[in-house]
Each structure stands twice: as structure tokens, then as C-alpha cells.
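We begin with a single chain expressed as C-alpha cells, specifically the form predicted on its own.
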Amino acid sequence: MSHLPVMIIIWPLIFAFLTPLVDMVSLRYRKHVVITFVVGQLVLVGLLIFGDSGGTTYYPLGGWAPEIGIVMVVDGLSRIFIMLIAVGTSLAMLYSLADIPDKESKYYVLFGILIAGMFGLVLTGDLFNLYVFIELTSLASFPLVAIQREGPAVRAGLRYMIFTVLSSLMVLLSIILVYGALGTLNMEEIGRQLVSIPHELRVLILALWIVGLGLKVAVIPLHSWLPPAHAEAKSPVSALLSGVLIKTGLYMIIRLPLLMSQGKDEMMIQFILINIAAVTIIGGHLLALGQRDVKRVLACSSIAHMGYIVLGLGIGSLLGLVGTLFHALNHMAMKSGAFFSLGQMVKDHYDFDSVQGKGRGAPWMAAVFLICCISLIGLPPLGGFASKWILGMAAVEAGQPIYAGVIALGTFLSGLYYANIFRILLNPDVSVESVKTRWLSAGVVGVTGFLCVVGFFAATWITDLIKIVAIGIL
């Protein structure tokens, strides 16, 4: 039996342990350690995703039966999110070499722990260890927000911590109720025995689960932690939180109908999700329109894009689920690229007055930022358009064209604030100095721009692969 599921979790923990030891010898070796980690991670993930027949693989730890022991499960859905996590974290890790001061070795310790937690979250097959990995990601993520140890960043980190604790508490309570009712935490066993839970208790479990995960994916009105956390963090952390970490909550929501819904409950969940998504799309874009800081605009945009992603789940069709997964992948590339390129153009303050004309000092970064923004708006020929189009078609096919209209309205609103940002960044009336970019940072930024383009031209091939996974989920 392949030990890859465990190795993928252990590998970043080894990196987190070794990095400060290597730094004690010499900081010159850190780059080699980081690059070795990234290459090793991509190899392990590649072997896990493409190294078997593509079916569902079970890995019972210690040889115990899944009903009573710890089991890891690799299926189509977890493969998609493993790939998303691996690509997003690898890009952020490489970018960090040029953006994070040499003295911050603890940054890489926290980063490695966070990666291990995210991999564990999408691989575990039982709710107890799901909660353990949720806590692991939480404990590593809010110190990363406050890594600069400055007033606004510390306050944002503390706020993030409070909301994270509330979210985890909701999820924990729902898990306790499930275990009390069924006497098992194995996800497949729960799915088989769910009908034995009294309806009123099942509704309570669903309510706690939805609120807890709603906090994690920052849907409105559970979103207020996200703008300061994503805006005050360093650029690679902002990209990591917005492009990758927030998707782990999405993974759990996608698992939700499989584990905790039957008949009318499923219809209720879809009704709740689709309307929350619509409010989140419009509300997120309106919040972004009211900002006077570029990173806060990008952060509020993430709220809106989580609305698009949840909308596909609320539609409840095969095409809607395909659109959700495709847009999640696209958003990782688009938002990571936007934060990366912005971080190269602007080194300190991100308010509109401070960023005037900064794009002219780094034309290559400005070009990639434009590509990412156009993709975030949802214009062709970029990946954001392709996934938004699929979501719109799913809404129309489901007989709910009003939500296709919500997508179109969101596209219009985002076009307004991104056009304003780019006008400010290219202001010809301000004199600016040229910005030197390290080759590694330029390469990472270039990869994100390339992914935005590939997302459009390979849309048919990508959606066909996602459809195979979606059919298995539904």
C-alpha cells in the first residue's frame, strides 16, 4: 500500500522543523531548503494524483478498521483540492523568498504547519481528525497575518483568531452532536446512518455546520474578519489566505450534502446556499467599491468570489458543481497573481494616494496584474470568464436565470473598481522610479498570469476532468 497520503502531510512538517535549524547554520542555505521542499511537495502530490487508477483509495493508519480507527481517503474531490493546495502554496513559498525578511525563520515554520494542516483536512476520512486539522490550520494562520508585529497587522490577526475560534466551536459542536447520535465519526459511516438521526437534531447539526463553515469562507454576513486579515498581511500571506486557505472551508461545504442531508434537508441547504451566495456576490463587490486601499479591494473581491463559488453549490446541478470547482481553481491563480504582482509594484503602503503611478515603475508586474484583474472581472479570453460562464449557464439550465443576472451584475461592479485601480496605478502625472524585481518573484508572477490564460483555452479539457469528479460526488 502506498504511504503517499501520510508522506504529503509529514513532508511540510519536516520542512517546518528543519528550517530554523538550517538558519542557525547559515541563512544562505534557506533558499535551497525552500526550493527542495517545493520540488519534493510537487513530486509527492503528482505521484498521489496521477500514480494510481484514479479511483478512491483508503489508507487506514495502524491497520485499524475505518469504523474505529483513523483512515485517510483519496478520491476525486480530494485530488482537486490537493492540487490546488500544492500549486498555491508552492507559488507563495517561492515568492516569500524575496518578500519575507531573512530574520523571520518562524514564518516558514508556520507556513509548513499550515500546509500540513490543509493537506490533512482534505485527506482525512473522519470528523475528529477533520477538526484537529482545522485547528492546526487556524493556529498557524493567524500568527502569519500578524507576522509583521505592527499595530494594524496584530489587530487583524487577533480579529481573525476570534472569528476562527467561533467557527471552530460551531464545527466542534456539530461533530459532538453527530457522535452522540451515531456513535461514530467515520464520514462514510455517518452517510449510511444519517437517516437514523431525528429530524430536529439533524437540522441543528446542519445549522451549526453551515454557520461554522460560513465563517471560514467569509460569506456575508459572516465576513467581517476577512478584509483586515487579508489586507494587513504580507503579500504572500494574503495570496495564501485568499487563494488557498479559504478553499478548505469550501471543501467541507461540498462534503456537507453528502454527509448530512436527505431529501428536504438537501433542498433546504441549496435554498440557503444560493441566496447567501447572491447576497455575498453583490455585497462583496459593493464593499470593494467603497474601499480606498488596493489590498482591501482585493480582499473584498475575495468575498464576492466565494459567493460565485457557493452559488454553484446552491444551484445543486452537475454543471453548477463543475462551475464551483473550476472557479475555485481559477480564483487561486487570479487572486494569487494579483497579490503577488501588486506586492512587487508597491512595497509598503497600499492606499490609493500612495500607489499613484506605481505600475509604470514595474511594467511587467503591471501587465500581469492587469491580466489577473481582467480574469477576476470575468472577461474573455481568460479563465475567470470561462468559470463564470459555466456558473451562469448552470443557473439558466436550472430554471433560475435571476442568478445568472446576479453574476452579470457582479461582473459589471467589479469592472468599475478594477478599472479605477488600474487608472491609479498608471497615473501619468506622477513621477516614479523603476522597481527592480528578482528573477524568482518575476517567474512566480509570470506563472500565475499563464494560469489565468490557460484557464480559458483549456477550459473544455479541465471541465471534462472536473465533471468526472462531480458525477462521483452527486
Partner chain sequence: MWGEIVDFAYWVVVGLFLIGFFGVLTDTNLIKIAIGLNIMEASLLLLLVRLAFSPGDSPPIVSEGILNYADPVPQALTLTAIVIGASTTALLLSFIIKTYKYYGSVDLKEIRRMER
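Residue numbers count along the first chain shown, from 1. Keep in mind the model is a prediction, meaning the values are calculated, not measured.
One more form of this protein, predicted together with the partner chain, exists but is not displayed; see below.
J.: Quick check: do Ile80, Tyr95 and Ala98 each get a heavy atom within 4.5 Å of the partner chain in the predicted complex?
T.: Contact check failed for every one of Ile80, Tyr95 and Ala98.
J.: Using a 4.5 Å heavy atom cut-off, which residue among Val154, Leu318, Ala367, Val195 comes into contact with the partner chain in the predicted complex?
T.: Flagged contact: Val154.
J.: State the residue from Met252, Ile190, Val73, Met161 whose non-hydrogen atoms include one within 4.5 Å of the partner chain in the predicted complex.
T.: Of Met252, Ile190, Val73, Met161, the residue with a heavy atom within 4.5 Å of the partner chain in the predicted complex is Met161.
J.: In the predicted complex, is there a heavy atom of the partner chain that lies within 4.5 Å of any heavy atom of Gly361, even though the partner is absent here?
T.: No, Gly361 sits far enough from the partner chain in the predicted complex that none of its heavy atoms falls within 4.5 Å.
J.: Does any heavy atom of Glu150 come within 4.5 Å of a heavy atom of the partner chain in the predicted complex?
T.: Output for Glu150 is yes: heavy atoms within 4.5 Å of the partner chain.
J.: In the predicted complex, is there a heavy atom of the partner chain that lies within 4.5 Å of any heavy atom of Ala146, even though the partner is absent here?
T.: Judged by the heavy-atom cut-off of 4.5 Å, Ala146 is in contact with the partner chain in the predicted complex.
J.: Even though the partner chain is not shown here, does Phe142 get within 4.5 Å of it in the predicted complex, heavy atoms only?
T.: Phe142 belongs to the contact set for the partner chain.
J.: Looking at 168-176, 341-349, 239-247, 82-90, which stretch has residues with any non-hydrogen atom within 4.5 Å of the partner chain in the predicted complex?
T.: In the other structure, the partner sits against 168-176.
J.: If you look in the predicted complex, which residues in 114-135 sit within 4.5 Å of the partner chain (heavy atoms)?
T.: Heavy-atom contacts within 4.5 Å come from Phe128, Tyr131, Val132, Glu135.
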